[in-house]
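Single chain ahead, by itself, as structure tokens, in the form predicted on its own.
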Amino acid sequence: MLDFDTAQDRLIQAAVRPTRSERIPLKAALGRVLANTVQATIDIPPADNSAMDGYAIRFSDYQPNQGLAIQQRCYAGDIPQALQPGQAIRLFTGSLMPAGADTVVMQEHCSEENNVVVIEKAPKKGANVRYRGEDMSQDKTIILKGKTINSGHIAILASQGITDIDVYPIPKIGILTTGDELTEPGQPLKEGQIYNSNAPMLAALVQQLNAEVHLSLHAKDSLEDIQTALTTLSQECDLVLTVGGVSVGDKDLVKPAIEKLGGEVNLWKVRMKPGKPVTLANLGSTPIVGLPGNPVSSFAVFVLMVSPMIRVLQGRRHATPRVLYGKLDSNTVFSGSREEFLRVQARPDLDGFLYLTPHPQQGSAIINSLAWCTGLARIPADQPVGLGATVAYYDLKHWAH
């Protein structure tokens, strides 16, 4: 069995970064991955302006309790006159700074009567002025290639007057479930059958990552059916996920089906719990990842090992999000020959630490634990770990998105 880190790295290396891009409207760009580094074409702000409602003055003109005649009232969008010595210009937030002015005194520190303003609190030179280019300056990089575009990036791009951007294509993911015991939700459940929960769960995980489930198929437990499905999926998708049929049972036919189609199996079995039976293979240029059939195992392998592959296929800058650390909050001592990934709830406390409470049932078929947990805590192999131990924490807010 491969250790977890080596296996994770092999899956990441099997994914190929995109080389082509497509141009889309900015309004459709949320969640897409930027294909080109963007540089500012204009200064933001484009000119010095007031950060407050107040009065523009020359700092040298300020004298305690001495009034300054109001030369002009200038609203945002108006062109101010040049400020005359010994006078003030009434400004509002966003108003352009008049030539000659170097300070804005906020209105709360002033009193005005008969078109004369008296400054009641000593100002600081340069106060309340937003300077040209202090946010973004022309020709400077503002967003790096490979960034997933969020609402803040939309604001940056719109402020530059950009209406269309280049992004990488959305990866097409194929899903294949196997097993004669499975039936689709909504259909009558016959004796000995269970509902197929893996396919909709994986589809939801793919969608959370902003990838596309291009095709989802189910094959009977026969070599021919599995081969037919794999052929279709590998021809139409950028990545194929199979569920079940990758262990060593008589009906575990996914691995033989891949090999009969001429595919190469590069990885089989990982020293992790849940999720030991994992297969990495390829048919032509399409990577295939065989996930375990138990829903919890399938979930864990997807989050920890498949989601980084999808990030590479999307062209994101980083395949793996940051790993956090927390203290185990459990009286149980965990120890085993494989690294274990516990379903836990994370709770930040006033002492600044993150406390991780394991779900009471850690079996790989306990589906309710998936909705309950906030992430996965990594327990080292061959090392007893208990209350208060610091362990790695894979937060689903980052690893499943």
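Quantities reported herein were computed from a predicted structural model and do not represent experimental measurements. Numbering starts at 1 and runs along the sequence shown.
Heads up, the form predicted together with a small molecule isn't pictured, but that's what we're talking about next.
- For the candidate spot formed by 194, 243 and 295, every residue has a non-hydrogen atom within 4.5 angstroms of the small molecule in the model of the complex.
- A residue is said to contact a partner when one of its heavy atoms sits within 4.5 Å of a partner heavy atom; residue 181 meets this definition for the small molecule in the model of the complex.
- Among heavy atoms of residue 112, none comes within 4.5 Å of the small molecule in the model of the complex.
- The small molecule in the model of the complex is approached by residue 252, whose closest heavy atom lies within 4.5 angstroms of it.
- Proximity of residue 103 to the small molecule in the model of the complex: non-hydrogen atoms within 4.5 Å are absent; the residue sits far from the partner.
- The chain is drawn here without the small molecule; in the model of the complex, the stretch among 138-146, 171-179, 94-102, 302-310 whose residues come within 4.5 Å of it by any heavy atom is 171-179.
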